[in-house]
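The chain below stands alone and is given in structure tokens; this is the form predicted alone.
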């Protein structure tokens, strides 16, 4: 098991470089159109490809990952909604612990069950403190997690939760407003959290314009994840990538 993906994230963070990940939901793509999506991502110099979703009902996770592998050597990172959403053909796994909620099953319970299988896959495991932030509407992730999201205006709660996650050993902190969110994580929340942690900060959910992605990076996000907006308009990939990478060299003040 290597730490190639995580090392690339920390190296970029140290240099003030921002990263862009396109989220591909196996339930929302076909094996035919995933090729075009990956081609656009490669042309736009996307840094990582996240694969996963809250449900995964199509039973084609392995097929989607292997199809992507045929097109690119861009790192493929699993973003699972449950322990069953694992493919040994990917490169890495965000091992999500829902630190924003009080559901013990998603904090540690499901990890205990999945640990032996996950270990055997040989995937690069990246422990991730996952924080669901209120995105203005009920989302699949908030429903499935059976946990209340952190209110979007409670920056201090988000800050303290992120700090606790880092001190408990999480390698990443992920602020997520959820797929289809009406509003993304606020720039003020991103800024407050970014100032108090040293590990890379991931932000996703409700990011539907290049300008919003750019501002999130300026506020302190190290990795911006976009899925739903690109599902609706794949041509946004290049504009999003250019906006995010335009912030290279910017380091948020502590």
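Residue numbers count along the first chain shown, from 1. Remember, predicted model here, so these are calculated numbers, not experimental data.
From this point on, the text means the form predicted together with a small molecule, which you will not see here.
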- [ ] Determine whether any heavy atom of residue 210 comes within 4.5 Å of a heavy atom of the small molecule in the model of the complex, and answer yes or no.
- [x] no
Open item on the list: Although the partner isn't part of this model, could you tell me whether residue 179 comes within 4.5 Å of the small molecule in the model of the complex, counting any heavy atom of the residue?
Closed with: yes
Open item on the list: Although the partner isn't part of this model, could you tell me whether residue 226 comes within 4.5 Å of the small molecule in the model of the complex, counting any heavy atom of the residue?
Closed with: yes
Open item on the list: At 4.5 Å between heavy atoms, is residue 205 in contact with the small molecule in the model of the complex?
Closed with: yes
Open item on the list: What I'd like checked is whether 23, 79 and 174 together line the small molecule in the model of the complex, meaning each has a non-hydrogen atom within 4.5 Å of it.
Closed with: yes
Task: Residue stretch of 103-111, 68-76, 179-187, 149-157 approaching the small molecule in the model of the complex, non-hydrogen atom distance within 4.5 Å - done: 179-187
